[in-house]
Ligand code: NAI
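One chain follows as structure tokens, the form predicted alone.
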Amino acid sequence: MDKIKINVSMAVIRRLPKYYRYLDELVEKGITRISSKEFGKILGFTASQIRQDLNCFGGFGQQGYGYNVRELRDEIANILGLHKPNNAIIVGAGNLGQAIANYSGFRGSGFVLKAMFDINPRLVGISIGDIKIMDIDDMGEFIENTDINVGIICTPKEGAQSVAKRLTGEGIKAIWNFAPTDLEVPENVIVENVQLSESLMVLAYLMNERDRMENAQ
């Protein structure tokens, strides 16, 4: 994401999906309006933080009324681009790739998984749900014929860079990277890294700090 110039800070952008998720739950519960103070209590943010974040996109709601929950959810969905279908493929059909393929949040996030690719001949031809695992040698033709615009890398670290090069060479401009490595890609390619090991290290740190503080008491 660092190579793409964005007008709004990434900190704000990364809070928007949480706003959307909680607003969607409120809609399901039949709640029609909510104040920034009430919404802040649900999210664990201050009312001021919520207003500042939303003001980055023009501001929503009315003083004394609060926010129309459904309208705000739909506005945030529009900001996030959830209304635009994005065709995606997964490269790497091992345990992680198959888990991602089974993830129910794809369609709700505007993504449509079209196929999976792998180099392992024992996996080629197998279907994960209704998604077929194909030989990676057929990936280029599939991308060209199926209007794919997102590549999801679920390979081991050693193969991730070569996969990224193949994807970008086929015109892919967005990569969701689960491999534990930083990718080198052209300037106009967006990469969103999901580093599971780093997240576990943060969890380990927080647990260690909790134990240290408890032992110090």
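As the structure is a computational prediction, the values presented were derived from the model and not from experiment. Residue numbers run from 1 along the displayed sequence.
The same protein also exists as the form predicted together with the named molecule; that form is not shown, yet it is the one meant from here on.
The named molecule in the model of the complex comes within 4.5 Å of a heavy atom belonging to Lys157.
Among heavy atoms of Gly94, some come within 4.5 Å of the named molecule in the model of the complex. Proximity of Ala204 to the named molecule in the model of the complex: non-hydrogen atoms within 4.5 Å are absent; the residue sits far from the partner.
Residue contact with the named molecule in the model of the complex: Val194 places a heavy atom within 4.5 Å of it. This chain appears without its partner; in the model of the complex, the one residue of Val163, Ile148, Leu26, Ile50 with a heavy atom within 4.5 Å of the named molecule is Val163.
For the candidate set Asn102, Asn78, Ser127, Asn120, a heavy atom within 4.5 Å of the named molecule in the model of the complex is found for exactly one residue, namely Asn120. Partner contacts here mean any heavy atom within 4.5 Å of the named molecule in the model of the complex, and among 50-58, 37-45, 171-179, 66-74 they occur only in 171-179.
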